[in-house]
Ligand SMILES: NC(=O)c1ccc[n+]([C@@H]2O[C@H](COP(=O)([O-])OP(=O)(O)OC[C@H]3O[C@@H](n4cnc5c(N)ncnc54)[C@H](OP(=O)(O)O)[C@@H]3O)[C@@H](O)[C@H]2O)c1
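Below you will find one chain, with nothing else, as structure tokens; this is the form predicted alone, and questions on how it binds or moves follow later.
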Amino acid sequence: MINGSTVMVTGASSGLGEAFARALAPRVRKLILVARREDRLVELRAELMAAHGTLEEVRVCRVDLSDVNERERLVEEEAGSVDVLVNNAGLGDYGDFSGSEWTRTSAMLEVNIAAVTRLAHGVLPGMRARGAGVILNVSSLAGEIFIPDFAVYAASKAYVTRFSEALRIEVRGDGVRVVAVCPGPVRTEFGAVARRGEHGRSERPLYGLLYATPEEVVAAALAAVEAGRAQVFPTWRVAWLAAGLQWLPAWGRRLALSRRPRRVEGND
């Protein structure tokens, strides 16, 4: 299902997206790398082409997925040939909602929800016509709970997970697999970018135990695709926490999260 395919990876210039590209390069025929930072994509393309002789092509697509016109151009030019879509690009914003910059919040909604949905919509006709395909949506453990100071991000990931589950049922008879990968915190640039200036979450010991490497997340995600699983929580620690959250009633989650330490602008 993955071997010999054409794969599109969004957010491929760093973090999980770069890790997905590296893991998939030895297995696929063509890679389409999508991100805003073209210079990083060009460097990654040169490295992958030199290292993997089976790769026929690595295409670099400089696209700002928060821009509807750039999204549409990407869909029109590339979506029809995609066998495997890794919907990885995402934005975060850590801080009190009322103090957020609307432009940043709007961009997060565009990337985390609109782009994920539009790209899935764009690639599905070709996949269904060919009777095979994979849509791997990178969600988050945050989508399982409501997190103060991370409200919009968590809500956007709840959308990604629920969308993935529903879409999976719709296309299950067409040879298309849809998987939601829901990691906890991952050691990438994401956390630093999501924080506002010097404010934000300090790393507490318990939280630190949940961290995974990008390689661990990617390995778990690709294993879930091969096994035909609907959802995966990479690392046993995150999987156990997710299971516990599903059993905890809503009032219990509200109580726990209302007592969660906060260190955001206006609340130091």
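This structure is a prediction, so every number in the text was calculated from the model and none was measured. All residue numbers are counted from 1 along the displayed sequence.
Although it is not shown, the form predicted together with the ligand is what the next lines describe.
Asks: So, Ser5, Gly133 and Val232: all three within 4.5 Å of the ligand in the predicted complex by heavy atoms, or not?
Replies: The answer is no: none of the three residues contacts the partner (heavy atom, 4.5 Å cut-off).
Asks: Answer with one of Leu44, Leu222, Ala35, Ile32: the residue that has a non-hydrogen atom within 4.5 Å of the ligand in the predicted complex.
Replies: None of the other options qualify; the answer is Ala35.
Asks: Using a 4.5 Å heavy atom cut-off, indicate which stretch of 124 to 132, 170 to 178, 76 to 84, 89 to 97 touches the ligand in the predicted complex.
Replies: Every other range fails; the passing one is 89 to 97.
Asks: Would you check, heavy atoms only and a 4.5 Å threshold, whether Pro148 touches the ligand in the predicted complex?
Replies: No, Pro148 is distant from the partner.
Asks: Does the 4.5 Å heavy atom contact test between Ala21 and the ligand in the predicted complex come out positive?
Replies: Because no heavy atom of Ala21 falls inside 4.5 Å of the ligand in the predicted complex, the answer is no.
Asks: Is Val111 one of the residues lying within 4.5 Å of the ligand in the predicted complex, judged by heavy atom distances?
Replies: Yes - in the predicted complex, heavy atoms of Val111 and the ligand come within 4.5 Å of each other.
Asks: Is there any non-hydrogen atom of Thr117 lying within 4.5 Å of the ligand in the predicted complex?
Replies: Contact with the ligand, no.
Asks: Within 233 to 259, which residues come within 4.5 Å of the ligand in the predicted complex, counting heavy atoms only?
Replies: Heavy-atom contacts to the ligand in the predicted complex: nothing from 233 to 259.
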